[in-house]
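Just the one chain here, laid out as structure tokens, in the form predicted alone.
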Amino acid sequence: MNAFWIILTASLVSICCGILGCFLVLRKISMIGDAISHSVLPGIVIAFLISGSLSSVLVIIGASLMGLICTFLIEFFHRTVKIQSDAAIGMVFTFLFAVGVILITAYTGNIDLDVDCVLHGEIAYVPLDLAETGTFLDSFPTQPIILSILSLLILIFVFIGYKPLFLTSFDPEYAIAIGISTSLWHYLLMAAVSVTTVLSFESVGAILVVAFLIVPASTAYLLTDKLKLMILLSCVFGILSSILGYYLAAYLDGSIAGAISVMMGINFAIVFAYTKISSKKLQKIKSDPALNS
């Protein structure tokens, strides 16, 4: 049963991240997920100092707000100061992460809170963290419940905002011309990424969250140029990597998160090789008159 909960948790994270990751890949801001996952640290520490608990709703609110501040600063330096987007991402997230580290070392020295505790979750412990609601849900682990709700909210968000998200990703000039605010939908997307990152890395860790945001969407992008199919394939690759990664980790007696990330990389390599071979065969067919006839 532990295997089921671990695979389910990883699959739910992969669905949330896979859906949002498609828009990040199309907008060429994939690494903003990595930036947010580290930049939320000051928000977590400040909320923890106020509430005295990592389980407080204030922690989620503080971390999400800090994620939005991170994206706002990145946009400000990129659009106003005219710094390249990759440089702006690197500058902002390292600064905010460093602020978080200073806050931890200065104010939480006698408390069980450190960078590893906050950012490096362990998915193997998911079955041990049971819900405490006073209802029948107490027999289920906490993280799958939270992530199921998050998955539903992400699906609703993308369903309602599919058209503006689609237009602002592919043709922002046209979106502006018909009255769609590109800034509004950019920050709504970043808010969704922030909340997803915060709620996910407690169970699977920041590195696996970033991998889920980027690799399945990039793999799906190799196979299709249709957004709906890309989102579906991204979720499929994420779930497949979760299942195969868990059993690879069980076989090797190694890190589950590491094995899942490895399987995502292997899936990408297989799809990349397939697309290259298919492309060469198609070019050969087009260039050979006998085959064309």
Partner chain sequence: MIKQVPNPLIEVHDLTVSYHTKPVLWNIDFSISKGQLVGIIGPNGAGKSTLLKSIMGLIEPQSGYVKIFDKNIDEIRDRVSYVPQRESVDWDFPASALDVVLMGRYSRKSWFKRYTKLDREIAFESLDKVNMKAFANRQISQLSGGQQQRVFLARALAQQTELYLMDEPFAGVDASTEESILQLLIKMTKEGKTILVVHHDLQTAFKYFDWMVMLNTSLIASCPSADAMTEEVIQNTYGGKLPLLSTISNLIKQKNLPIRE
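Here the structure is a predicted model, which is why all the values come from computation and not from measurement. Residue numbers count along the first chain shown, from 1.
The discussion below concerns the form predicted in complex with its partner chain, not included here.
Enquirer: If we define contact as a non-hydrogen atom of the residue within 4.5 angstroms of the partner, is residue 187 a contact of its partner chain in the predicted complex?
Expert: It does not: once its partner chain is placed as it appears in the predicted complex, residue 187 has no heavy atom within 4.5 Å of it.
Enquirer: Looking at the partner-bound form in the predicted complex, is residue 143 within 4.5 Å of its partner chain by any heavy atom?
Expert: Residue 143: no, not in contact with its partner chain in the predicted complex.
Enquirer: So, residue 127 and its partner chain: in the predicted complex, are they within 4.5 Å at any heavy atom pair?
Expert: No, residue 127 stays farther than 4.5 Å from its partner chain in the predicted complex.
Enquirer: Is the gap between residue 71 and its partner chain in the predicted complex 4.5 Å or less for some heavy atom pair?
Expert: Output for residue 71 is no: heavy atoms all beyond 4.5 Å of its partner chain.
Enquirer: Just one of 230, 47, 41, 256 has a heavy atom within 4.5 Å of its partner chain in the predicted complex. Which one?
Expert: None of the others qualify; the residue that does is 230.
Enquirer: Name the residue from 191, 207, 167, 91 that puts a heavy atom within 4.5 Å of its partner chain in the predicted complex.
Expert: After the contact test, the surviving option is 167.
Enquirer: Which is the contacting stretch out of 30-38, 221-229, 240-248, 263-271, given heavy atoms within 4.5 Å of its partner chain in the predicted complex?
Expert: The contacting stretch here is 221-229.
Enquirer: Counting only heavy atoms, which residues in 163-183 are within 4.5 Å of its partner chain in the predicted complex?
Expert: Going through 163-183 in order - heavy atoms within 4.5 Å of its partner chain in the predicted complex - the hits are 163, 164, 166, 167, 169, 170, 171, 173, 174, 176, 177, 178, 179, 180.
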